[in-house]
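A single chain comes next, written as structure tokens; it is the form predicted alone.
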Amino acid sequence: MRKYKKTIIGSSLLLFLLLLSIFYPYFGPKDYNHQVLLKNEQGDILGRAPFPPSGNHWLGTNRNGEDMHWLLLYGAKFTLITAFGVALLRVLFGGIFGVFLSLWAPFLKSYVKDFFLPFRYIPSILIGFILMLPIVGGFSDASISSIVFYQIFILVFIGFPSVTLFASDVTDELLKTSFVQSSYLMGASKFHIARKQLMPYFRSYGILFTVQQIISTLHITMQLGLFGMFLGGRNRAGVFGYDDPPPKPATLSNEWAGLIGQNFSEFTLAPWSILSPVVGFFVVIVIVNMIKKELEDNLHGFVVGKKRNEDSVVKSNSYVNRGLFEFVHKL
């Protein structure tokens, strides 16, 4: 447990934020504390949204007069669930396909690599933008569930090649080890080798790579949000104050990437409306990156041991320090 202290703390913070967002309808205002005009007791207009941070509006409001901290809290669940779900699907499908290539269809691996080669040179944001533009680039008549399903499919597809090639390369390295070769000589089936000898390694690698893909998904969704590719589609009401048709697009789900893209043009007038979701993204990425770093340290054999009077850090790539073997001292 001590080796995963940062992971436990970081995961707890993200889970707490997720639960707050899920239960938002039970304690948060439905209109996000909406206030477009500020009036005095005589009814005179003193100001209009967006309002800067104050005691009434902790993080200020956007142009539509909605409190940014309520919007961030409401949209956190869509941001976190999408990042975790897409990362999990990438690792699951990409990992299974990569193992299949190395064990059952090694003759196809060179063709798959050639087919996936363009994905290494074409920016992911460009692929995502082109594929999402037909259904998310305007006000679509499709249902929200259809739009979200299509977007998640595209996000999984973007990361599928890298995960597949990674899983295949790791499998190839493991197949060269002596214990796997010995199993082959003893007549073990490929399914047995995959289930009994490769699976323990892929549990560790899978957790680490899932965390890495969470960061990758957060990056790509934030970039797509800047181009108006909002998760769940666009709100037909748009942003208040832009009268020229078509209306300025606004995010329908209030997920954080959409809030950044929606308020990007407000940076000079109301910088708090874009800095709030940016800081939120930054904090989540820092927490996830902290978890990733600790998992990498433990996976590569960093063992922190405490002696009687001093702490020592032992780094080794042997299987012993990875926790696969344990010595028993004979008395």
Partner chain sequence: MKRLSRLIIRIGLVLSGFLFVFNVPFFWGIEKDSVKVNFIAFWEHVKSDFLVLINIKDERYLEFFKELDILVSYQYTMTILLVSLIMVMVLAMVFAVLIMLAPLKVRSRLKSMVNFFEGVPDLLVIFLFMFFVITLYKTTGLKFLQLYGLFGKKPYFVPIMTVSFLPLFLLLQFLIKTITDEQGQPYILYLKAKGIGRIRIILVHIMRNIFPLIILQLRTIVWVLLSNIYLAEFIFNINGFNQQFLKIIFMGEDFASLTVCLLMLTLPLLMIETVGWLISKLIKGKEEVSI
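Residue numbers count along the first chain shown, from 1. On a predicted model such as this, the values are computed, not experimentally measured, just so you know.
In what follows, reference is made to the form predicted together with the partner chain, a form of this protein that is not presented.
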item	value
Partner proximity in the predicted complex: W104 to the partner chain, non-hydrogen atom cutoff 4.5 Å	no
4.5 Å heavy atom contact, K190 to the partner chain in the predicted complex	no
Exercise: K292 in contact with the partner chain in the predicted complex, heavy atom 4.5 Å	yes
M222: touches the partner chain in the predicted complex, heavy atom cutoff 4.5 angstroms	yes
Location of the partner chain contact in the predicted complex, chosen stretch of 45-53, 58-66, 22-30, 278-286 [non-hydrogen atom, 4.5 Å]	278-286
Check all three, P118, F157 and L226, heavy atom within 4.5 Å of the partner chain in the predicted complex	yes
Residue (of F84, Y201, Y150, F100) lying close to the partner chain in the predicted complex, criterion heavy atoms within 4.5 Å	Y150
Option touching the partner chain, based on a heavy atom within 4.5 Å in the predicted complex, out of I125, L252, L88, L175	I125
The partner chain in the predicted complex - contacting residues of 8-33, heavy atom within 4.5 Å	none
